[in-house]
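Okay, so here's just one chain, in structure tokens, the form predicted alone.
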């Protein structure tokens, strides 16, 4: 069957990989849609990210949904023909972090399309994938498989919103208006945020933030002073969800988050230096957030019940045979928000 495989930076190929049958406790899912994530782009553009480097060819993709086409022995909670979103996360369940309910920090994690371990864990950009039954979450209602494939990035943002703490009535700043930033704004609104301001350095992604319900969408490159009013009285925002991975955005957030406020960092960028005197003087809490666990099922339910509308974020859908064009498009923020492959 066809699969999208990365060999090195800028070396993406449509490969033939063997189809397999599901074993006990497993299901085979015919993939219908798969979204290109920022990490997929890092592998395509740079051959990895940070210290993580490709050491062998790897199938990409971890934002997928499809239809169950075969069941292994002992699987009863899902039926052949069911439409499902597939969680790319498979923690071991037995390490000390899994036992503490911190499965996203599993010491033996197998996450689709990841070169963090060797041999690498192949991803799900293929015509069919065999996975553990616990990884599939049934999609209900009339949402498309493309919408269902948005469950993974939405789960990331639901986990970030949880890390931020109570958001009911909060004033929230979201820095970065890519797919994660816009979904973070959506998650914050569902959690009860009273005001949401989204910033970016380009107008095109900010248009998506406006359509998703942001109260303000501000271009900090065109208007560097645009956040100045929010510096009044030691800062106006209760929470910042930093989704750009840019050190300048994080530094600017320190000036507009109120004393005792929270900054949650979602974006992955390079190493940055921080004015710790500001962090100390304003008693700001800086919190990391990493992946998700139980939030994946919640994301599927929210999309299925149309409690959130992710469809407007899907800017392009392209056939798997055009994967190279799709990856180039996904890296162009002037044109694309979320690019998905159709299988």
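Here the structure is a predicted model, which is why all the values come from computation and not from measurement. Positions refer to the first chain, counted from 1.
This next part talks about the form predicted in complex with a further copy of the same chain, which is not shown.
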query	finding
Partner-contacting position among 309, 56, 69, 283 - heavy atom within 4.5 Å of a further copy of the same chain in the model of the complex	283
Sole residue of 272, 222, 207, 79 within 4.5 Å of a further copy of the same chain in the model of the complex, by heavy atom	272
4.5 Å heavy atom contact, residue 259 to a further copy of the same chain in the model of the complex	yes
Contact test in the model of the complex: residue 267 vs a further copy of the same chain, heavy atoms, 4.5 Å	yes
Close approach of residue 166 to a further copy of the same chain in the model of the complex, 4.5 Å, heavy atom	yes
Residue 103: touches a further copy of the same chain in the model of the complex, heavy atom cutoff 4.5 angstroms	yes
Candidate stretches 189 to 197, 81 to 89, 118 to 126, 135 to 143, one within 4.5 Å of a further copy of the same chain in the model of the complex by heavy atom	189 to 197
11, 183 and 202 all contacting a further copy of the same chain in the model of the complex, non-hydrogen atom within 4.5 Å	no
In the model of the complex: members of 48 to 80 within 4.5 Å of a further copy of the same chain, any heavy atom	none
